[in-house]
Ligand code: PEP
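Take a look at this single chain in structure tokens; it is the form predicted on its own.
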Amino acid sequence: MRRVIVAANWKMNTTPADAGELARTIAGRTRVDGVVRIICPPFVCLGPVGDAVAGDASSAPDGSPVLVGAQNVHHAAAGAHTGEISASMLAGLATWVIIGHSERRRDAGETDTQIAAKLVRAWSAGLRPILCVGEVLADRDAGRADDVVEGQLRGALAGAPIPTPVHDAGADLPWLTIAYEPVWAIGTGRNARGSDAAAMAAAIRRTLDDLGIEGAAVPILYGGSVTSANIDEFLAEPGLDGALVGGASLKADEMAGIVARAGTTAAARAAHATTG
């Protein structure tokens, strides 16, 4: 059974002085069984956030902790890359990392080749990547959405030495998670529907299968202006396994609502698995 995951991407927000308190508040208000909770703050806030969510006060009743993720990682192991962060630098500060986010592709011109190398670096350091894929408005309107996302997946994953099995047998946490970001639905006034995301999730899993990766085992998150008001529509789709939350993840009330709904989905899946 795929895990239900809610990952908070704080982007370029918070400081070391206030990130810990926000993380502690969110952790305390999202203590829901069955949901993998991840907070991805800016690099300079990884330490304060990690300290804030450590301990029983942040754990769900089932004992699951709040995990910490980074928002990016460099594709080289080390070297003359001023301002960059390597995978080995993140060890001990994070256990997850976002790779290939649409804003990195847009602002830093990241290529599929670089993203593929980032995945390799992440796995080599024991980090669990959330690989982001998604099409812009022009591609969606031209009917190229599936082709664009397939190309991103193939560019990042073809020949990649993905840890086997896809899920860790101990913690049952995935070594590969995909976040579908319909870029055309982020801040444009056009909203993606649950059916749009579900159709793309099916296309993503077909591509993964074609690449020799068990698509049915890979969680797929929705990441397009997620809020507590619209999360129901996406988690109602069996092919979607959670959310990569942007602006709403900076608000404790929003995160509490999103994780509560995710917990309902997780409980329903567990009940279905038990009864067959």
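In this text, residue numbers run from 1 along the sequence as written. Computed from a prediction, not measured in an experiment: that's the story for all the values here.
Another form exists, predicted together with the ligand; not displayed. Remarks below refer to it.
Just to confirm the contact call: exactly one of 245-253, 31-39, 229-237, 61-69 touches the ligand in the predicted complex at a 4.5 Å heavy atom cutoff, so which is it? Careful reading of the contacts points to 245-253.
When the contact criterion is heavy atoms within 4.5 Å, does G92 count as touching the ligand in the predicted complex? Heavy-atom contact with the ligand at 4.5 Å: absent for G92.
For H101, is any heavy atom within 4.5 Å of the ligand in the predicted complex, or not? Residue-level check for H101: yes, a contact with the ligand.
In the predicted complex, does A185 come within 4.5 Å of the ligand, counting heavy atoms only? Within the cut-off, so yes.
Considering non-hydrogen atoms and a 4.5 Å limit, does the ligand approach R24 in the predicted complex? Contact check for R24: no, nothing within 4.5 Å of the ligand in the predicted complex.
Scan 215-243 and write down, in order along the chain, each residue with a heavy atom lying within 4.5 Å of the ligand in the predicted complex. Read in sequence order, the residues that approach the ligand (within 4.5 Å, in the predicted complex) are G223, G224, S225, V226.
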